[in-house]
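The form predicted alone is given below as one chain in structure tokens.
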Amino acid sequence: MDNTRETSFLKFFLQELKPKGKIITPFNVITVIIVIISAVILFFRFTKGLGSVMDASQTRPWGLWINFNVITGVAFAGGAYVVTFMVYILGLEKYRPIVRPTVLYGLLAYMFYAGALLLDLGRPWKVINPIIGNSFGLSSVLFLVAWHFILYMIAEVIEFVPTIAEWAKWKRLRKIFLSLNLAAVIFGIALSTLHQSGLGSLFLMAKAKIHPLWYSEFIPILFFVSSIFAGLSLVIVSESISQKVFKNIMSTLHVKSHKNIIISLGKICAIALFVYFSLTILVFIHGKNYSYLNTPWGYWYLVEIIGFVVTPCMVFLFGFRLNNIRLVRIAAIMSIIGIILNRMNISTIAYQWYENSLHFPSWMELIVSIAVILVQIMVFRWIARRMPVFNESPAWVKVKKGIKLVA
């Protein structure tokens, strides 16, 4: 009996591997070209060492694969814990249509960014050291971040397994993991507050290297708060794109509720941005860094704060008040740019600011970083076109009081 089931699933899986939609598209062609180039670059990286492809040194060991893909990318994965908190803890059912795509993106983000981290390690097989506390110690920030990272990925896997089970028609497995869903959500939310701030804590030991306008002992708090509007801004953008790419497979509820959800998320982003701006001003006053404002670094700092914190906050607010989805989308894009700018300022641009030259990653680092994102998008697309991420759950899903029990 088990062999029959395994054979049946294998046939089903092989059938699902067949492409759905056009194969030759501009996106697919560009992605394949970039991935092939990245494969060649990574060949040299693993055979000749990091120095053959990266612009790094002993004083500046972290490259773009950590500073952008990990430090910045994890902030954008924050939408998963915010949305699940609103739906499962606060009971805001109107956001339920976007739970599965948001959790899927968060899960893939952590998986791919963990891979990007391995690319940036001189000896990637040594990654086990911070996990077990060897050489670093059990009280190190890196040990805590490593475990937060691992446990949160496990929590997101538990949250997404019911979707996989519905696709594969594993009814019993779905029932088991659906019963674990609430516990996984609560656990995941707790871990998110820890590891989002934990990433900021990694920079606390670099006080002498980060420009005073960006360094603060409150970086962990700022990292956590900024992950709220960063994650939701990406949800707004990705949902807007999905409405066009996956509209033919979306449920009617998902399509009809889109505008209302996006506008509401815009309001939450405006509040989070205001809180972040207020905390930033308090940190600035506490640090007494007034003398730096009338300098090139001060002008650059104002560009970040006024141009990509205050401005998107106001645009989000006007978008909500005017019920204008286009304004909300514009604000989300500005907010995303602002987070990238902030994380790159702290980890790269304003890092070792006292040097006379700015650090720029090599073109090879940039190509590989783009490849990581493109492959993540392709995996997301493959899953979304096959599993009940945007569309309705299958008919066999039990119905209780007229409402389908979906994760």
Partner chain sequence: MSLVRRDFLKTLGLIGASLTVGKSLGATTKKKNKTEFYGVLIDTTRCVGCRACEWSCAEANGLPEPTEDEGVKIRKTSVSRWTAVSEYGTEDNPIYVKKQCMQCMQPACASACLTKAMNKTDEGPIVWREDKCMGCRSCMISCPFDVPKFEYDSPNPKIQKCQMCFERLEEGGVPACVENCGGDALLFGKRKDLLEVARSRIYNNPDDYYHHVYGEHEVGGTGVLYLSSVPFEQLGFREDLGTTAYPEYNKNFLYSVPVVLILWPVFLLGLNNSTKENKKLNEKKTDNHG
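Residue numbers count along the first chain shown, from 1. Fair warning: this is a prediction, and the values are worked out from it, not measured in the lab.
Below, we refer to the form predicted in complex with its partner chain, which is not included among the displayed structures.
For the three marked residues, Asn248, Lys259 and Pro388, no heavy atom of any sits within 4.5 Å of its partner chain in the model of the complex.
Among heavy atoms of Phe380, none comes within 4.5 Å of its partner chain in the model of the complex. Remark: Asn356 does not count among the residues lining its partner chain in the model of the complex, judged by a heavy atom distance of 4.5 Å or less. For Ser362, no non-hydrogen atom is located within 4.5 Å of its partner chain in the model of the complex, even though that partner is not displayed. Among heavy atoms of Arg123, some come within 4.5 Å of its partner chain in the model of the complex.
In plain terms, the part of the chain that comes close to its partner chain in the model of the complex, with a heavy atom within 4.5 Å, is 196-204 out of 196-204, 326-334, 156-164, 296-304.
Here is the short version: of Ile271, Ala114, Leu151, Met314, the single residue with a heavy atom within 4.5 Å of its partner chain in the model of the complex is Leu151. With the partner omitted here, the residue from Leu108, Ile263, Val141, Leu279 that has a non-hydrogen atom within 4.5 angstroms of its partner chain in the model of the complex is Val141. Residues Phe46, Thr47, Lys48, Gly49, Leu50, Gly51, Ser52, Met54, Ala56, Ser57 of 20-57 are found to place at least one heavy atom within 4.5 Å of its partner chain in the model of the complex.
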